[in-house]
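Shown here is one chain on its own, the form predicted on its own, set out as structure tokens.
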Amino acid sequence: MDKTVKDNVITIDGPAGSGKSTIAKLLSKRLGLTYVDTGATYRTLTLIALENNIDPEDAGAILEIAKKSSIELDSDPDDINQFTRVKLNGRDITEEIRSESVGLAVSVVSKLPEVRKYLVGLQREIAGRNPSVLEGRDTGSVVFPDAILKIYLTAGLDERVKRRQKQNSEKRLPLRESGVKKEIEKRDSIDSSRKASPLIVPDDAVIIDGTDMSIEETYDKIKNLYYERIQLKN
């Protein structure tokens, strides 16, 4: 990987509903960085499992199909209210990977070491082409541990449920509040306890609790930290 690219990578990790996607897209749009939604890649492999009646814990069967498939991510940071458009073998699956069934199964698939290893390679390939901002659950601890700026973004559970529910409502996704809370609580538990790349605060990461912060306040804090790090490198 080109050192100049690595030196211009921002990673944003944190639990579901903490605002990672919104902030990452703002950084992408305003700072000219490539936006990489790592969670979309895990949701894609989860959909592969569900559509092919594969046990979500059968990494071999999932990867056998995934490695023969074409997975494309197309992000539009100009519209931060839109998810990353995802195509599987040319088929747009953006809405399908945000379904409740995928949401409830994705942490089972994403805890599999073989799956994580495969997708970390894909994520590094995508982000390594240009200065980027990645958001997910192990972007600072595993995917880019030497990123110039690592952020751990969190918020209280009630606030995260509210944000995710608002996001789903804007996308016209049929997820009830109770379903959203159940999904988030399950993901919190599995993501934090899995053996392979658990959700942790990466070394040297800046922890930001956005419960009582606006989107702009959170963005400004991260932007200023990024500029400080860039200046220190030069």
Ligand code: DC
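Since the model is a prediction, treat every value here as computed from it, not as a measurement. The first residue of the sequence shown is number 1, and the count goes up from there.
The same protein also exists as the form predicted in complex with 2'-deoxycytidine-5'-monophosphate (DC); that form is not shown, yet it is the one meant from here on.
**OP:** Using a 4.5 Å heavy atom cut-off, state whether R194 contacts 2'-deoxycytidine-5'-monophosphate (DC) in the model of the complex.
**Re:** Contact with 2'-deoxycytidine-5'-monophosphate (DC), yes.
Subject >> Heavy atom of S110 within 4.5 Å of 2'-deoxycytidine-5'-monophosphate (DC) in the model of the complex >> reply: S110 belongs to the contact set for 2'-deoxycytidine-5'-monophosphate (DC).
Original post:
Looking at the partner-bound form in the model of the complex, is R124 within 4.5 Å of 2'-deoxycytidine-5'-monophosphate (DC) by any heavy atom?
Top reply: Contact with 2'-deoxycytidine-5'-monophosphate (DC), no.
Original post:
Counting only non-hydrogen atoms and a 4.5 angstroms cut-off, does K162 reach 2'-deoxycytidine-5'-monophosphate (DC) in the model of the complex?
Top reply: Output for K162 is no: heavy atoms all beyond 4.5 Å of 2'-deoxycytidine-5'-monophosphate (DC).
Original post:
in the model of the complex, do E100, K166 and K181 all reach within 4.5 Å of 2'-deoxycytidine-5'-monophosphate (DC) through at least one heavy atom apiece?
Top reply: No, none of E100, K166 and K181 comes within 4.5 Å of 2'-deoxycytidine-5'-monophosphate (DC) in the model of the complex.
Original post:
Just one stretch in 56-64, 22-30, 205-213, 38-46 has heavy atoms within 4.5 Å of 2'-deoxycytidine-5'-monophosphate (DC) in the model of the complex, so which one is it?
Top reply: Flagged stretch: 38-46.
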